[in-house]
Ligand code: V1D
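Here we start with a single chain on its own, the form predicted on its own, put down as structure tokens.
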């Protein structure tokens, strides 16, 4: 394995945690600010380069999303909704969807997307080995449609940036929900492999069947691990590591994007897995061990005190730094009551993923990967220019946030035990709904 000490760059915008989806909505951007304050209070910022990221421009977002969709997001506000009723329906945004219009919506998308793009550019330039953006990872957004609390798909845009330099990019998704937006975007290409472990059944978004393996040139390059409730650390590791080993052997990616959705943790408001922080972070550690340039992103996570714990801990894993279990005092210390500990104890619940079912999935996936013709090669010409040049050292010194982060805006508490407001792939047998990839296969 490559030497473990790697250069880590961390991207953060102080305003990103101040946006608010609404009082009854489970998505709380405040969790990003909470995670940042844990990173500060543990002193982790001293061991990495910390950058204030740029807001993504409309031109950058148009690399994947349609211009009319971006123009709509830029113009719609809570005050002018009535004038956009047809477009809201067309783009799946508004009161009757899981993607509300809130104050600063477009600015929010610019901030989390810009940070992912900055991370990709840094990796492309060889300026770091690992780039981290906990505000990113919004994997459900489609080309012309919001979905599952996600408006702009920063992951797809970051992968497109990485493809300017790297022949092959691996996308890994450990969110409890299937990474459908990213899979859909690259379903017909062999230059991006998507590897998603997720709850499959009567659960949003209803995609991610094990037989959904890609199409056309991308046949075999979508790798789906359909799981059910109660997933434990040990069972998760037994499927993740052998499949990951095989992927790295046959695909040989030049870069990796790892989405670390924290709704697969124990006790999540919307999730149904039972992973500890250590089990979740083992995927991060293992991915890091291959020594491939890696962009690490956030994603889901709806018990926000646990999301903050998770992403702070995974930052420490990326930095090869051990953290004490006692949470240090910080601006949001009271959120971690009553124990004020970093690590979580999994719940006493049954793991419905049996050894037999997991072995069947593992065999099917290893067979799928063994059938690939090997790592695809790409004739690489001149590298396209970056959309937004990251300023050189003098500007970067000014942009570093480190401990000078502005401490304002408290955000909201977790809320009650509200259910997932998203529609799920419901079927009578409870096994979920296998959806065809019509958009990618048309024409």
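Numbering follows the first chain given and starts at 1. Please read all numbers here as calculations on a predicted model, not as lab measurements.
One more form of this protein should be noted, the form predicted together with the named molecule, which is absent from this view; the next part is about it.
**Q** Given a 4.5 Å cut-off on heavy atoms, tell me which of 232-240, 214-222, 124-132, 169-177 is the interface stretch with the named molecule in the predicted complex.
**A** This holds for exactly one stretch, 169-177.
**Q** Of 190, 98, 145, 282, which residue is found within 4.5 angstroms of the named molecule in the predicted complex when only non-hydrogen atoms are counted?
**A** Of the candidates 190, 98, 145, 282, 98 is the one lying within 4.5 Å of the named molecule in the predicted complex.
**Q** Only one of 332, 204, 195, 91 has a non-hydrogen atom within 4.5 angstroms of the named molecule in the predicted complex; which is it?
**A** Exactly one residue meets the criterion: 204.
**Q** I'd like to know whether residue 138 contacts the named molecule in the predicted complex, with contact meaning heavy atoms within 4.5 angstroms.
**A** Close contact exists here: in the predicted complex, residue 138 approaches the named molecule to within 4.5 Å, heavy atoms only.
**Q** Is residue 226 close to the named molecule in the predicted complex, meaning a heavy atom pair under 4.5 Å apart or at it?
**A** Residue 226: no contact with the named molecule in the predicted complex.
**Q** Whether residue 259 contacts the named molecule in the predicted complex should be assessed with a 4.5 Å heavy atom distance threshold; does it?
**A** Result yes; residue 259 sits at the interface with the named molecule in the predicted complex.
**Q** In the predicted complex, does residue 186 come within 4.5 Å of the named molecule, counting heavy atoms only?
**A** No - in the predicted complex, heavy atoms of residue 186 and the named molecule never come within 4.5 Å of each other.
**Q** Heavy atom within 4.5 Å of the named molecule in the predicted complex: which residues of 33-69 meet that condition, in order?
**A** Residues within 4.5 Å: none in this stretch.
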